[in-house]
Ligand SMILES: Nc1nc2c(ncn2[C@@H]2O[C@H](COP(=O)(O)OP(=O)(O)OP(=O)(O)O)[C@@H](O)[C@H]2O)c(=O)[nH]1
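As a starting point, one isolated chain is supplied in structure tokens, in the form predicted alone.
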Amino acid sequence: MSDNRVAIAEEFRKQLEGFTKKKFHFLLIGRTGVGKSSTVNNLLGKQVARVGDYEPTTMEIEHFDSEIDGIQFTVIDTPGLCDEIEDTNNEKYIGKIRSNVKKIDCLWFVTELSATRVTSDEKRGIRLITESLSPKIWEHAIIIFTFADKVPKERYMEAFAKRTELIKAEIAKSAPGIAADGLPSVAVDNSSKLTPDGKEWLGELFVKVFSIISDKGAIPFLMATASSLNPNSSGQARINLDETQKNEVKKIIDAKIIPSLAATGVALGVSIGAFAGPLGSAIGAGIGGAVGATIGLVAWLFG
């Protein structure tokens, strides 16, 4: 590794340390009992949102502050927002959302894959979120279908495609200026590592979230999940990435991470791949926490 590449790699490490002070924010919407909390807990590898604490009788907003490897983040849940409840004072709910939700890096719209339609309550939830936070909130949204195991294997792909089409159509109605067709969607099964097509869903969920999260939230999110993505001595990780997913993550790193670091005054060049191959051995030794995990992940991806 040339002296110049060593200097750039060392600068990369220093800048990552600066990002340990940054946070990311997830906003979860969907009907009570649909598996919002279980899904985010599985992605992040710890219980960061409570499961099953609410009845579908009131719309409240809960903030769950947590950290992984020193990276701070907040998960905001909206129990009741997409439920049929007696008090349907929309203006009150809009006020609650506006006063309690300030920073969002990624919006999760969570619904069951096995449902046959978009319920009137889900439509209302989509509309209220749009009116409360502006249509632009959907630019960093992902559609997540839970209970994938409830759909027969032979109908899985058809159900996934149709449900994606229906949800995107509702979002497009609510936020006509947003390119809803481009929103990522993923199916999950919180009771199994695999969806009915035999594929691990955690890796796909990670990639989709990473692809859509805001630029300012991308680096802290990557740093918080890096330890879960790094393979162990047997080549396995808590979140396994196949070759297609690895290549997609590399593209996102080049597209999001490099510009974000450059905005802080770091000239890393066109691609992190130019120096990342020997990165781990050059500066990664002895570095722990999120910084060390991220350096190891980048070295593995590009090495």
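The first residue of the shown sequence is 1; numbering continues from there. This one's a predicted model, so the numbers in the text were calculated from it and none came from an experiment.
Absent from the display: the form predicted in complex with this ligand. The rest refers to it.
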Would you mind picking out the stretch of 121-129, 186-194, 219-227, 95-103 that comes within 4.5 angstroms of this ligand in the model of the complex, counting non-hydrogen atoms?
186-194
Taking 4.5 angstroms as the cut-off for heavy atoms, does residue 259 touch this ligand in the model of the complex?
no
My question is simply whether residue 246 lines the interface with this ligand in the model of the complex - judged by any non-hydrogen atom within 4.5 Å.
no
Tell me, yes or no, whether residue 237 is in contact with this ligand in the model of the complex, where a contact means a heavy atom of each within 4.5 Å.
no
Does this ligand get within 4.5 angstroms of any non-hydrogen atom of residue 50 in the model of the complex?
yes
